[in-house]
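Read the single chain below, which is given as structure tokens and is the form predicted alone.
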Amino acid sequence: MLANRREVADPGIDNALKKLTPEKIEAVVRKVFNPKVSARLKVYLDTCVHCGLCSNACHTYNSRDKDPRYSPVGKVKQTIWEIIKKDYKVDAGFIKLAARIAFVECNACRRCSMYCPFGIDIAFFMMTIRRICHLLGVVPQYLQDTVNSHSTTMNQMWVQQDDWIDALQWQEDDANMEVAGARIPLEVEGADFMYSVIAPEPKILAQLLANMSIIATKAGLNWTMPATDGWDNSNMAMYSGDFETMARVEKLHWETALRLKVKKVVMGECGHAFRGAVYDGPKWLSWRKTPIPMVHAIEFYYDLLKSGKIKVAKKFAEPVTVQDPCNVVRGRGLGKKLRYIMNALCADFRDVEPRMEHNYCCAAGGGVINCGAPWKRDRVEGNKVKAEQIKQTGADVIVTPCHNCHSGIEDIIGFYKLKVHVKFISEIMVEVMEK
């Protein structure tokens, strides 16, 4: 079943498969294929006319010599269709292939659905497979470790509370070296907004916290961050199929914002965290909408520049292009606002083609980068089209307003030996703004 696919050792998958029985697999599949899920699957499967228009939309398909197995409909055929055709009676070998397809070969980016004449949500199929795999205990080890960390410590990188506070104090000090009086205010009740981040910031990219302090100070904003759990909104459980942990993480995040009585939440430069907080999390919690409005960093920076609260002293000179994060451009429609920001900050902005909601996925989102080192080669080989797209711009810098995009694009740059550097919006903004 894995013909022509490189064998990858992953204990999270391989060890779990040894414990499976046909009876257990069937029981889990029947549990997941409940009436609500089955109805949606049936509508999609009965609607699909096998036209193949979704194929050319997929970066994995295009990057792998248009092998039909990597097309969106091919992924569905090898997984969901096979389960139904065999009346839910599939074996451990099938689950191994299905896990690889759903966790590694699909980013749930939903670009394919834009080109489907019926708008079939193929990501829903793949997330259904991930849910089955989670309940069977068959999840890539790195991804499961991340989920375990979030379940135990309420952040994905096991950052302890004293480390969290220490990181904020340290970055406040650094911000003061740039702008006198810069602060990272903690536990301010009734602030205009709570700033929400993901665990890689205090752990490995702490300078981004200082950047927000500089920007908010110069813009004269009334803001806050929590001193307690609930600050990390990076919900990888959303992509592992562990929707129970996903809901618990989102519930604490929103309870923290409610406790602080803030007017809104600003989500930092992360696409999947925004999706978890605004769309998937509330749905699993049976909420109609979030209890407090949330805006993504793109919307936040756009408003600051548009209103003149942040002024540009001298535009960034190097040639720059941009990556459109799937969950906030295709999913939220922020492509035009992102380009307003790029043109406001950069003297030589070179757009990609295709662009905005038609842009290719970074091949890291959807939890795929969190499947870890064993799958890195498959991931970057599956996005050759992104490397070609970046190279064609001739840019020296690519801005990626999403942590997964940032890391995924860095991997692509390294693998394909592109002479490009990756930056967040805030890094360029702090460099060019009036201070």
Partner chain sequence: MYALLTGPLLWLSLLVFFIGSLFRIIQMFRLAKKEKVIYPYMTVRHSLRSIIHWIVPFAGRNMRLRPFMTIATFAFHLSLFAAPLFLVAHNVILDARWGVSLWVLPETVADVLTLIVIAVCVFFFVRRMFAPEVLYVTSWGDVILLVLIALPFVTGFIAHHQFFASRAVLIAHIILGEIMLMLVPFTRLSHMLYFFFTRAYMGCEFGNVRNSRDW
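None of these values were measured; they are calculated from a predicted model. C-alpha atoms forming the largest set that superposes within 1.5 Å between two forms make up the rigid core. Positions refer to the first chain, counted from 1.
Omitted here: the form predicted in complex with its partner chain. The next part is about that form.
In the predicted bound form, no heavy atom of residue 302 sits within 4.5 Å of its partner chain. In the predicted bound form, no heavy atom of residue 373 sits within 4.5 Å of its partner chain.
For residue 87, no non-hydrogen atom is located within 4.5 Å of its partner chain in the predicted bound form, even though that partner is not displayed.
Under a 4.5 angstroms non-hydrogen atom cutoff, its partner chain in the predicted bound form has residue 121 among its neighbouring residues. Residue heavy atoms within 4.5 Å of its partner chain in the predicted bound form occur in exactly one stretch of 402-410, 63-71, 380-388, 362-370, and that stretch is 63-71. In terms of contact with its partner chain in the predicted bound form, the residue from 339, 330, 350, 96 that brings a heavy atom within 4.5 Å is 330.
Residues 35, 36, 37, 38, 39, 40, 42, 43, 44, 46, 47, 48, 49, 50, 51 of 31-51 are found to place at least one heavy atom within 4.5 Å of its partner chain in the predicted bound form. If you fit the rigid core between the shown form and the other one, you'll see the Cα of residue 56 move by less than 2 angstroms.
In a rigid-core overlay of the protein, residue 38 has its C-alpha displaced by at least 2 Å between the shown form and the other one. In the predicted bound form, the CA atoms of residue 367 and residue 37 move apart by 3 angstroms or more relative to this form. Annotation for the pair residue 76/residue 35: C-alpha atoms approach each other in the predicted bound form, by 3 Å or more compared with this form.
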